[in-house]
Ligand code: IPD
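One chain follows as structure tokens, the form predicted alone.
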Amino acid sequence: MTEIELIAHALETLGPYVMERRADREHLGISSKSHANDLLTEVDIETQRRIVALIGAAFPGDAIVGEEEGYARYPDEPGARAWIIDPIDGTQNFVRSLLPEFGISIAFARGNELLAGGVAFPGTGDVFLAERGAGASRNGRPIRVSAVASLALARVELDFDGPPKRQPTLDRARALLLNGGQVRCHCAAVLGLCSIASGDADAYVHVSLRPWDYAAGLLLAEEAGGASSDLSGHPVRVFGENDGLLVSNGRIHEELLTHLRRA
């Protein structure tokens, strides 16, 4: 089994479990993490445990970086094989939303290079997959970023995060709020990033993310022809500190950076 095959298998098998539990979400165990709006459910924990078990069986010895249960640590070895997991990205939407706007995210990296990744949206049945140098797909069909060439016509996904990050977001992205054709916030990084990969959005902006939030979605957007950097224009480091995250269709990347640098 290859890395991308494991990702595809995990996403296919876990989607039904997540949707079954969501159907009974009124009875889920829910707690908070870093702040009151940063939610954790028993489904997040169990989904991550199942992914970890699959990886351990197929690739014993690989490092695992995940959002929950003590896995939020980076590999000690600079060139280590590492799996990056977000069992449910968009937990707020999983717990409370009209539409199922949340996803399961799994990526594989060697050192600082993302090599394979996938995102499943259990609510719609969509599965996005990408391998470095081999392109990106949605449900087995190739996808490409949009051809939108100006911010004035662009759909910009601006994630406002929780209250502790709200002011820095407003400070950095005021010009995007005023000049973007449409500004949206779906409260799930994987949805914003996959929307860029599929051509349904043109840019994604966040002032502070960790690898499990963006690893798979970032590879998908890049393999679909998009561009990425931090908010200052520097390359994104998978296991390092970044000045936020900017992912776009590539055509409006420099225009976005101009506004963000002025801020």
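Position 1 is the first residue in the sequence shown; the rest follow in order. The shown structure was predicted, so the numbers you read here are calculated from the model rather than taken from an experiment.
The following text describes the form predicted together with D-MYO-inositol-1-phosphate (IPD), which does not appear among the structures shown.
Student: Would you classify residue 122 as touching D-MYO-inositol-1-phosphate (IPD) in the model of the complex, given a 4.5 Å non-hydrogen atom cut-off?
Tutor: Result no; residue 122 lies far from D-MYO-inositol-1-phosphate (IPD) in the model of the complex.
Student: Does any part of residue 91 reach within 4.5 Å of D-MYO-inositol-1-phosphate (IPD) in the model of the complex? Heavy atoms only, please.
Tutor: Contact with D-MYO-inositol-1-phosphate (IPD), yes.
Student: Indicate whether D-MYO-inositol-1-phosphate (IPD) has at least one heavy atom within 4.5 Å of a heavy atom of residue 41 in the model of the complex.
Tutor: Heavy-atom contact with D-MYO-inositol-1-phosphate (IPD) at 4.5 Å: absent for residue 41.
Student: Give a yes or no for residue 126: in the model of the complex, does one of its heavy atoms lie within 4.5 Å of a heavy atom belonging to D-MYO-inositol-1-phosphate (IPD)?
Tutor: Contact with D-MYO-inositol-1-phosphate (IPD), no.
Student: Among 181-189, 70-78, 110-118, 138-146, which stretch has residues whose heavy atoms lie within 4.5 Å of D-MYO-inositol-1-phosphate (IPD) in the model of the complex?
Tutor: Correct option: 181-189.
Student: Sort through 52, 58, 63, 209 and report the residue having a heavy atom within 4.5 Å of D-MYO-inositol-1-phosphate (IPD) in the model of the complex.
Tutor: None of the others qualify; the residue that does is 209.
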